[in-house]
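Two forms, one protein chain; structure tokens for each follow separately as structure 1 and structure 2.
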Structure 1
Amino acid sequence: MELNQYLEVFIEESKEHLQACNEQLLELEKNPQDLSIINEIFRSAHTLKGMSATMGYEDLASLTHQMENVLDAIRNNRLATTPEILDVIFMAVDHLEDMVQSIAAGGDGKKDVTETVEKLKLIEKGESLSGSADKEVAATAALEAKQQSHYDEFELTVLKQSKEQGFGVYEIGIALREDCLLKAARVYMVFEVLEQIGEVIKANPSVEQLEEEQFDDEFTVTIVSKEEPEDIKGKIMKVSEVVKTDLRSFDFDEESNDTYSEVLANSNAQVEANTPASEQSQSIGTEVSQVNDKKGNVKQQTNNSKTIRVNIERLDILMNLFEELVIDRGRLEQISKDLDNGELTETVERMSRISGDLQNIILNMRMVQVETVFNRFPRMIRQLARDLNKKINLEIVGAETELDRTVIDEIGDPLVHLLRNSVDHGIESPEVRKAKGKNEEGTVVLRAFHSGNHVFIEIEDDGAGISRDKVLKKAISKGIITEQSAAGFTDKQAYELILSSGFSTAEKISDISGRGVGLDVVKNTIESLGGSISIDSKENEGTIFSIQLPLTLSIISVMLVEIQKEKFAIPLSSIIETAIIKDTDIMNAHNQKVIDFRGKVVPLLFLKDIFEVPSEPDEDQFHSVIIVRKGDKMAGLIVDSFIGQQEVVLKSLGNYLTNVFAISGATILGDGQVALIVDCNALIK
């Protein structure tokens, strides 16, 4: 079988299963007694193991198998969930993520995980991680586990509800020839037969012991199936070196006694959350997945997926083709105006409406929930809290908010740095918080929401806040500002000094943050995406970092302007308003031409000078000005004339024009002319 064609699906699904493991492990840490969470983790691990083995990534499958064994021991009450065990499982998940990442990058997915595997084996055997447990006791416990034939409450739930749904429930005793040399291979063949006709619920000895041939000649398997007993028996007997098959219907009264009654009294028996311990396939998973309603009736649960996986490159190609269509649409609109033909105008207007609808659909297809970025942060915060000996609760709000994939790809690292900053600098230690009368556990809220054509992402903490005096003192010592200018700073201006290059108020340098090389990079990245960042803080109450981002970067609304015979496009997201000013309105301050705009002094920037546009002396007493902003700062851009608003396609300038000042890209207009798109953030300092 050619597996390369499935590689992309394997990588994506592996990432999803590992993310599910991370999320459920965090939940398990909060609720260590909730076995339904263990079953969810087990299901993801089991599926990942099967996928990895099928694709030939044995190291990946082997590590997942060891992790699965520990999870199986926990859910069968042979192990208790402890922070130490969770740390090792988290470590295993980290290794698995590294392996999958290696495969995604074209590697072989191999990694030395010997130490983690040994730890998992020690845990499974019931030994301490230091290896100091009594080996004989562990061996005895393993033997007892092997000899156990009773069913746990979850397995009984599966069997009972399967029976009620019309499945046959059978215990099958299977014997191999005494001189069988490849017992594990024969067991595998038996399981392969059973998986085609039903679902394996339990094996005795366990699946792992069967795989390692830790049994004599006989083993027992419990299955649910709709096949006739004689047909099941006949198919098993066809497996080479199977000499005996004893099949009997499962006796619930004999096996469960009072156990099952207790299960029904104390749980809702969510079968779909309790995957069988020796599950080998999900062939009838949809049929067996049930829950009890309030009256105790079994209800079928089905998940009919209406989504398909599409390679992002295909969406990029589709977007590029549509961008060309937008350019041609603009060209047709221009021709329609020039010819002044009624029928042509009507047709073009209809085409514009349809292409506008198509544009919305394509842009929505590119939209991705910020959850894809947010979901990696709970695990990160957990580890940071442990490293810093702090108690931190991360709350995520608005994870369903959508952003363009291009923005999503870029926003992850800035958010990581801001969160690390909040955890390290913002949230105090439990002792300090207690002394301040606060809850020992600090809270960090990661929030996303839509507002107009923008998405806002906020990081809020209830920590120490920012000390205005400390920030100003550090900024003066670094030469970022002078003592004279510091006196006139508002609180917000003072807080935003921490976004300056090389700025840090950390008392000591740590691996978490505080090296003074981060927040300026965060600011530059956000501004390169056409966004902005602001800070609000109250000392001893907390801090809020607020990020504003455009919904999409590919098709943007602009104001087209003209300078001499050249056209420029200024993004509407940066524009406050347009105006016509007189020569007499222009003043000079500190060698800079300025105007009074609604009580504020706004510097003027003459674009013809900045972009060195050839021009003749102009004696016109009136000037067209566009007031633009970057955060709280403003500037007035002087142009020759306004053309009007238009939606344009943002095109890169290519590899040869990467350092053009204050130009973020270009677009092709309806008349075929190229207009350069002005980067207002670069102009405002």
Structure 2
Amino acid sequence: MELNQYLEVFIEESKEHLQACNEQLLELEKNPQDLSIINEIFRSAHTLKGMSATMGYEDLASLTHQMENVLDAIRNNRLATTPEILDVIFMAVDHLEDMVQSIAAGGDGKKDVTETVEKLKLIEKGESLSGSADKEVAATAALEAKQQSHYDEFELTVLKQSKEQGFGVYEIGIALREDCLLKAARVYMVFEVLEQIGEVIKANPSVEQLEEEQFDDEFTVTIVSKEEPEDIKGKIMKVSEVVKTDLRSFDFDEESNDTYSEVLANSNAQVEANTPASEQSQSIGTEVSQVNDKKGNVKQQTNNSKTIRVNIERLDILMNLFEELVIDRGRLEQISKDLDNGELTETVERMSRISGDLQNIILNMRMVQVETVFNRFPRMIRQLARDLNKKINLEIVGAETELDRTVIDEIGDPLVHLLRNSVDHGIESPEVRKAKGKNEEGTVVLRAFHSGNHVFIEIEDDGAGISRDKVLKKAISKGIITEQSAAGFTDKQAYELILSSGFSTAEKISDISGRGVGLDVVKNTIESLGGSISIDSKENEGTIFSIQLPLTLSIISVMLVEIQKEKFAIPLSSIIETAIIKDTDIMNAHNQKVIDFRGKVVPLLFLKDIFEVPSEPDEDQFHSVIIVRKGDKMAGLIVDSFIGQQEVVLKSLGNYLTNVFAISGATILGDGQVALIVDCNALIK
């Protein structure tokens, strides 16, 4: 089978399942008793196991299998969920994620996970062995195992698919001699044989129980194999002390038709939900039906929004084609205006309207819910809280808010940084919080919402807040500001100092934030996305980081300007305002021409010189100037004339022209010509 073509699907789905595991595990930590959650995790793990085995990623499959065993033990009440166990499971999920990452990056998905496997094995055994109380547990476990002798829908699917692929599916009843001494060893030998001739899908009692000799002298195994039934039987009988091998072909009709004894009735109740039959098993039954209700809901939800995966490159191609259409539309509009033909004008107008709608749809196709970024944070916060011995409750609001894919890809790291900052510096330790009269558990709110043409993402904590005095002191000591200027700072300006380079409020470097990168990196990233970040804080009440982002990066608002015969575009996000100045307004300061702009000295940059535009000297007394900013610094760009404000589609200059000074990209204008986009950040040091 050609597996490569499924690889992408496999990777995507694996990621989804792992994400589901992560989310549900966090849920489970909050409600350790909720069996439905365990079942959800189990389901994801099981599918993942099946998929990776099919794709030939053995390591992935075996680690998942081990994890599944532990989950199974929890599901069967042989283990209680404790934070320690969850830690190990989380660790396993992390490993699985690494493996999937490695596969996605073209690797083989292999990883040394023996330690984790050992831990999982220990957990799996550790608590279900020895002692009289445990015998009881074992007994109930065995009983439950019997009740679970049915097949869940995944096992059934596997069996069905195997059958379709020409494998025989057999249920084998195996009996050992009553006086068999080393039952586990015999079981091992039987399995050894079975693995050689096919694959064991299910054992009853479960493999673990068999290994622990928690059975009398009979057990059943379901296998898929291409061997002849008689051969299988013969091979098993060769194992000493096996007295009886009862092999029968697995009958799917029977399985679904309910005739498989009362045990099965129970099982079908689980699978098909809301069957009154489940009530016969009292508590378990009710639990089960609850579970099923929930599952039903989940399924319905997922069905409500059907999606299709599309390669982003294809969307880019569609976008390119569409832009050409828009350019032609511009020409048509011009022509129809010139010709002044009623019918033509009407048609062109209609076309303009339709293509406008189309443009919206195409842009919307690139929109992704911020959830895809947000969903990795609960895990991170949990880990941070455990590492720092803090109690933290992360609330996520507005995860369904949509942003352009390109922005989504970039925004993850800055958010990680800010969240870490909130947890590390913001939220106090439980003792301190208690002393302050706050709830021991700190709250971090991650919020996303639309507002106008922007998306806001806020990170709010109810921690210690930022101390204005401390920040100012530190900024002065680091030489970022002078003592005199410090006095004039508003609170907000003072807080924003922590975003300047070379600033870190951590008194001692922890391995959480002390990574050698400050919040200035965050600020730069966000600004490079055309966004901005602001901070508000109250001491002892908490801090809010507020990030404003453009809805999409592919379309930006620019001011088109002309320098001689060349047109340039300056992003509106950097522009403060435009003005016309006279020659007499220009002053000289140290070989640098400057102007007085609302009481501030602003250096002037002649774009004509910077971009080496071929030109003749002009004697114009008036100059068009665009005041741009980078952070708190400003500059005035002198151009020949303003053309006007326009929405343009951002294009890259390609892989050949990389790092062109002060040019961040290009765009195609209505007449089909290319205009370069000025990178104001590069112009201001």
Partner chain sequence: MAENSVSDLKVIVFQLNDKEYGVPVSQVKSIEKIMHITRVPHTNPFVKGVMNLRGVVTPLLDLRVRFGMGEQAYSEGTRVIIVSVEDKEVGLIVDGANDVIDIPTSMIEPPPEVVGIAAEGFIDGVANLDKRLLILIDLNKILESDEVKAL
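Heads up, when I say rigid core I mean the largest set of C-alphas that superpose within 1.5 Å between the two forms. Quick note, the numbers are simply positions in structure 1, starting from 1. Quantities reported herein were computed from a predicted structural model and do not represent experimental measurements.
Structure 2, not structure 1, is the form predicted together with its partner chain.
The Cα shift for E199 between structures 1 and 2, taken after rigid core superposition, is 2 angstroms or larger. After superposition on the rigid core, displacement of the C-alpha of D34 between structures 1 and 2 stays below 2 Å. Superposition of the core reveals a Cα shift of less than 2 Å for V113 between structures 1 and 2. The rigid core superposition between structures 1 and 2 gives a CA shift for E566 of 3.2 Å. Overlaying the rigid core between structures 1 and 2 leaves the Cα of L210 displaced by 8.3 angstrom. Relative to the superposed core, I174 moves its CA by 7.5 Å between structures 1 and 2.
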